[in-house]
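Have a look below at one chain only, the form predicted alone, in structure tokens format.
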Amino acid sequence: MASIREQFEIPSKMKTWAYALIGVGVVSFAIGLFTKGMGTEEEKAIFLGTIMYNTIFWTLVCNASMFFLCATTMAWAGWPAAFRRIPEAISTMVPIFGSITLVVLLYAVFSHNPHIYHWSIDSVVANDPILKGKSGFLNVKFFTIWSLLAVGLWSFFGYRMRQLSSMADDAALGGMTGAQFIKQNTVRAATFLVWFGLTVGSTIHWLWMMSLDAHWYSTMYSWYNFASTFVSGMALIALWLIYMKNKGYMEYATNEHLHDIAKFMFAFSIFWTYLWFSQYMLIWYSNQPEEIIYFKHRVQGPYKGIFFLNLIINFVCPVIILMKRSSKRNYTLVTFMAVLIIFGHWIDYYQEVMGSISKNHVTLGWFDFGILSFFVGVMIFGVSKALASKPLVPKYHPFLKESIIHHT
């Protein structure tokens, strides 16, 4: 273990980039607040919507890292042990991004802006039989309580998993101690996954995003968005692993581990496309007015270009580039595809949210990229701090040896 670099030291250049990106984001927010946030109701909705889809996207992408850890823990998979501190560090951003998400969403719902959550306006619900029928679930009180519970328990269960992981740094785990460690990990992982299924797998996307078009619904919507954030989460893990390897860290993580992460990127890009096609084809083919209202302006209106560009980036490119075994082990190609996948699904979240808030014109511009830079900067700063806060190698983890000799 003497030759292994166990402690990450944050490079000054990384700090500079993080501060610069955060600075760009803060300036963009300030300019956007005065140019959009204090204008008409529609301009305010565009201002809030831009922050909304960014913060929801990054919260769920970072939360996907903890999902990955918990899912592999439940499967008793040993191969992630060599790089598990990376998804652990990424998941520390959930309380931060989640808090921003709560502030934005609760402001949006309590401000009763008709261009965002029109179901939050009592007079609108009273005159709308469809909204009245959904009011038992779609109301301000339930929205608030469930959103607070979702972010709070994601953060708490994630913290409990990371806290238990630190035991693998303290002392060697014997037979009984090691078995107890694995059992505790399994129980805590299962608890997280149950809550994850009740929220990310169903209700949260209904409340936060699908209710922007409260007359429309899709039974595949939450799974579609789960696939989107999970593949982006795996891409983010790949980026951090490649960065750490290039800086001489994570010596136990090899091309075998990167290959498996890239396989997740490839496989879930196809899974996302399966859900994209299934949702689109069934609704478009049935041609029922109450269902096609979601796709009408996205396929035939101003969002047509973004809607189909999204498919090219998130399906065609991963299939063509990541299909070969060698490409999954190539640092340059995996880095390129990881950035492209994250950008592609960020674009997807843009058209999902802003396509409902601003249906008549595309708003994508400097403000969107400015807010994006803020979240990227905060993510870089927060994850690097988390990586530097504990040993990079859980040297007493019972599955570390299995991870070191991992071959695929």
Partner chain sequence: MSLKYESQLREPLVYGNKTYHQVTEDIIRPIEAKPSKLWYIGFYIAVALLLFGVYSIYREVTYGIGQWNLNKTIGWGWDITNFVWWVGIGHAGTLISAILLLFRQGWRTGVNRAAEAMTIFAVMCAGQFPIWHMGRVWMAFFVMPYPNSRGPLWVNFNSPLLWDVFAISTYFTVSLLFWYSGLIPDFATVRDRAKTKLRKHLYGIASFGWTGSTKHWQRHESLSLVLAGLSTPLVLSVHTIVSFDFATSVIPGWHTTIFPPYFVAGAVFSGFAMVQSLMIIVRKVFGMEDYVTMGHIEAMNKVIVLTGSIVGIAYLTELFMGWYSQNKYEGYTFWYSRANLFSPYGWSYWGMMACNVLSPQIFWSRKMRRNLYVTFFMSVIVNIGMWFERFVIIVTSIYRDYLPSSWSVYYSPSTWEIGFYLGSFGLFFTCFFLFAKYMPVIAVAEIKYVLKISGESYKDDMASIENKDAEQFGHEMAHAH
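Since this is a predicted model, take the numbers as computed values, not measurements. Numbering follows the first chain given and starts at 1.
Keep in mind that the form predicted together with the partner chain is not shown, yet the notes after this line are about it.
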**OP:** Pick the stretch from 312-320, 333-341, 275-283, 97-105 whose residues have a heavy atom within 4.5 Å of the partner chain in the model of the complex.
**Re:** 275-283
Original post:
Exactly one of P114, P302, G152, G201 has a non-hydrogen atom within 4.5 Å of the partner chain in the model of the complex; which residue is it?
Top reply: G201
Original post:
Which pick from I306, L148, I182, V140 sits with a heavy atom within 4.5 Å of the partner chain in the model of the complex?
Top reply: I182
**OP:** Give a yes/no on whether Y19 approaches the partner chain to within 4.5 Å in the model of the complex, heavy atoms considered.
**Re:** no
Original post:
Is there a heavy atom of Q7 no more than 4.5 Å from a heavy atom of the partner chain in the model of the complex?
Top reply: no
Original post:
For E290, is any heavy atom within 4.5 Å of the partner chain in the model of the complex, or not?
Top reply: yes
Original post:
Can you check whether T219 is within 4.5 Å of the partner chain in the model of the complex, heavy atom basis?
Top reply: yes
Original post:
Taking the partner chain in the model of the complex, which residues along 154-178 bring a heavy atom to within 4.5 Å of it?
Top reply: G178
